[in-house]
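Encoded as structure tokens, the following chain is the form predicted on its own, with no partner shown.
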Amino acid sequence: MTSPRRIHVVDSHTGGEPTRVIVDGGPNLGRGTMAERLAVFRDAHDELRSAVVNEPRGSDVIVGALLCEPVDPSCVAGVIFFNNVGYLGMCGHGTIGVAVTLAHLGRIGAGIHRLETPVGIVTVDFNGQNMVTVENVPSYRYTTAVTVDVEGFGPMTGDVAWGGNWFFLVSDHGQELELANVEHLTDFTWRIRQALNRQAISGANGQAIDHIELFGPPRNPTAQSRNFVVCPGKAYDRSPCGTGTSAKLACLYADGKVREGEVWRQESIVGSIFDGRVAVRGDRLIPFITGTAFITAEGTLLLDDRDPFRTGIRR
């Protein structure tokens, strides 16, 4: 009998959104850049992505992270993020989860550390317990006041912005941002995404807008906004979404509604909070996102060749 393949993972959640970090047993992706390694992962090892985050071992909401040796020696690790349908250039909540996981493994202590991602180097400031501030990649608003005709709902107007992933951000939508309403909100935002695709509305260089973000009034009196984010695999983000908050900050700054260093508190659909602020460095806008993560499990995933769902239930 062939022994099953063993994948060692550490699970955490950031503001309610889970991250599963592969700490041992991942594939050899070579010595290229993180972007090149992501391509190798996608082209040669995509079955592992599915096995780790999809059912029956995972679920649609889990975001995976593969730890790699960094190219840049100033970084403590390289990381490639993925989900139930593909790969992410960057993940804010996942970065917070990775930092707390690295601390849990004894690889970092309190202080400032650098992580290498497929879209660039990000910096994390870890407080030694559960709180992490992520210095994200430069973010910006790409287009403003874009209107799409959404099936069943009519025209919707929003901004297209980059925060490490591409977002379509909508404030005037007429929807109630409540946890009890997530099925309807998921259907609504998925229709917006389909409308963007049909009408050939994209990010820079034709890149797909694969995150839709709605905004509304917060329930928490200390927050400025509540959001609902649907991710590429149609799962909604339980956290306030780090890259989505970065994209929102870029739009707010462009509109003169938030100043450099001013804190913007973003509440998620489940009530968790990220603190966001921006710094201006030359012509670049750098978002900073602060949140907390907690370790929820350590485990070993077993991939048995006899198992018909060894590589997960794939779409």
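Start at 1 with the first residue shown and count on from there. Please read these numbers as outputs of a predicted model, since none were measured by experiment.
Not on display, but discussed next: the form predicted together with pyrrole-2-carboxylate (PYC).
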Closest heavy atom of G92 to pyrrole-2-carboxylate (PYC) in the model of the complex, within 4.5 Å or not?
-> yes
Exercise: H211 in contact with pyrrole-2-carboxylate (PYC) in the model of the complex, heavy atom 4.5 Å | yes
Report whether the minimum heavy atom distance between M156 and pyrrole-2-carboxylate (PYC) in the model of the complex is within 4.5 Å.
-> no
Does any heavy atom of C241 come within 4.5 Å of a heavy atom of pyrrole-2-carboxylate (PYC) in the model of the complex?
-> yes
Thinking of pyrrole-2-carboxylate (PYC) in the model of the complex, which stretch from 215-223, 178-186, 125-133, 233-241 has heavy atoms inside 4.5 Å of it?
-> 233-241
Find the only residue in V170, L196, L88, L115 having a heavy atom within 4.5 Å of pyrrole-2-carboxylate (PYC) in the model of the complex.
-> L88
Could you list the residues in 12-28 that come within 4.5 Å of pyrrole-2-carboxylate (PYC) in the model of the complex, counting only heavy atoms and keeping sequence order?
-> E17
